[in-house]
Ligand SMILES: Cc1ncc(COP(=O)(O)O)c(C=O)c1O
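First comes one chain, alone, set out as structure tokens in the form predicted alone.
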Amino acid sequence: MRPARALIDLQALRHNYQLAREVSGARALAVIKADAYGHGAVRCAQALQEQADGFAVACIEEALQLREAGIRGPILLLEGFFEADELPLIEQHELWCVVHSLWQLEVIERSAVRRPLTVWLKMDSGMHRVGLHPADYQAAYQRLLASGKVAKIVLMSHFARADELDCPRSAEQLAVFQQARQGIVAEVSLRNSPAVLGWPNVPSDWVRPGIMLYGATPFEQAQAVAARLQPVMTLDSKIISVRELPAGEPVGYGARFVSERSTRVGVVAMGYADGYPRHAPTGTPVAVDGQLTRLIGRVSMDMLTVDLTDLPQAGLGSRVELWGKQVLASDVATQAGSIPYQLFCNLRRAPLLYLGH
């Protein structure tokens, strides 16, 4: 059996969720959209359901998968609904729903729902992706109340640059939000992972930890609270071949690496078809049998090569950590010109194995 696999540490997942609640002092929706960022939404939800205040997914398909698996807690649809015919399912399965557009508000007003909905009313405070214009926010809130179709409204927005700790944009967005919601007495949700970790003064009754749940920092620089996160996924495989090459020999497609000395090359059963980034350059860290070394040459579809020259004990069958608790996914992502979000979400083919039920 091919040795590539992704180990998912559910105890680390629970630790990171608890950290989000601890540092925010707020209730927390565990964001498990996109199959829990590649970690497996159902298993992650099952691991968290005894402690989580609720979950957040992108769309109704993801929510229904959780309901079918027996997840009974609150589930928020972060993109709301895309068609009016989703509302009966939202009502039936007691889902919470983001409203970010006036057309969604109008659908709710015209709907025949019998069980009042929980709505998270989203404002575009400056990210300019989705959300109601600040000038429309008060009226939208009042229309939802007047509709008789809504039991509760949570006020929300989303920061565009909270991962930049010295950037004033988050404070500017907060000011826009506070001005536009002035006079509305309701619960608020503003803080995503970087805001939970790095913006303690932003008010939030609810927080929405995403990438931090999976143990990866959203910041490019060291940050004290992020240092307490525990990596959840360990992507690993094994050495399946070893080559001894003299100086001056090319390795892999395109001869992107040429040995500068006598070099011992290990071939690993892992490639971009598994989700490892194709553009990771020579020098990207890997660990072989717990010892740090480097990727060399271009990543192939099914294999990559690592430098074993200074690891004489390593050989056929040696375990290789591509990212995890020793080699941080954020470090691999930086080398590859990517972000840990993309590394996790791109994972495929390598089976997920769960630890710490």
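Fair warning: this is a prediction, and the values are worked out from it, not measured in the lab. Numbers follow the displayed sequence, beginning with 1.
This protein has a second form, the form predicted together with the ligand, left out of what is shown; the following refers to that one.
- For the candidate set Lys33, Arg298, Lys325, Arg294, a heavy atom within 4.5 Å of the ligand in the predicted bound form is found for exactly one residue, namely Lys33.
- With the partner removed from view, the residue among Pro194, Gly275, Gly215, Gly131 that has a non-hydrogen atom within 4.5 Å of the ligand in the predicted bound form turns out to be Pro194.
- Heavy atoms within 4.5 Å of the ligand in the predicted bound form are found in exactly one of 263 to 271, 169 to 177, 150 to 158, 249 to 257, that being 150 to 158.
- Interface membership of Lys122, defined by any non-hydrogen atom within 4.5 Å of the ligand in the predicted bound form, is confirmed.
- Looking at Gly210, you'd find a heavy atom of it within 4.5 angstroms of the ligand in the predicted bound form.
- Although the partner is absent here, Val286 lies well away from the ligand in the predicted bound form, with no heavy atom inside 4.5 Å.
- With a 4.5 Å cutoff on heavy atoms, Leu95 does not count as touching the ligand in the predicted bound form; it lies far away.
- Contacts between 50 to 80 and the ligand, taken as any heavy atom within 4.5 Å in the predicted bound form, involve only Leu78.
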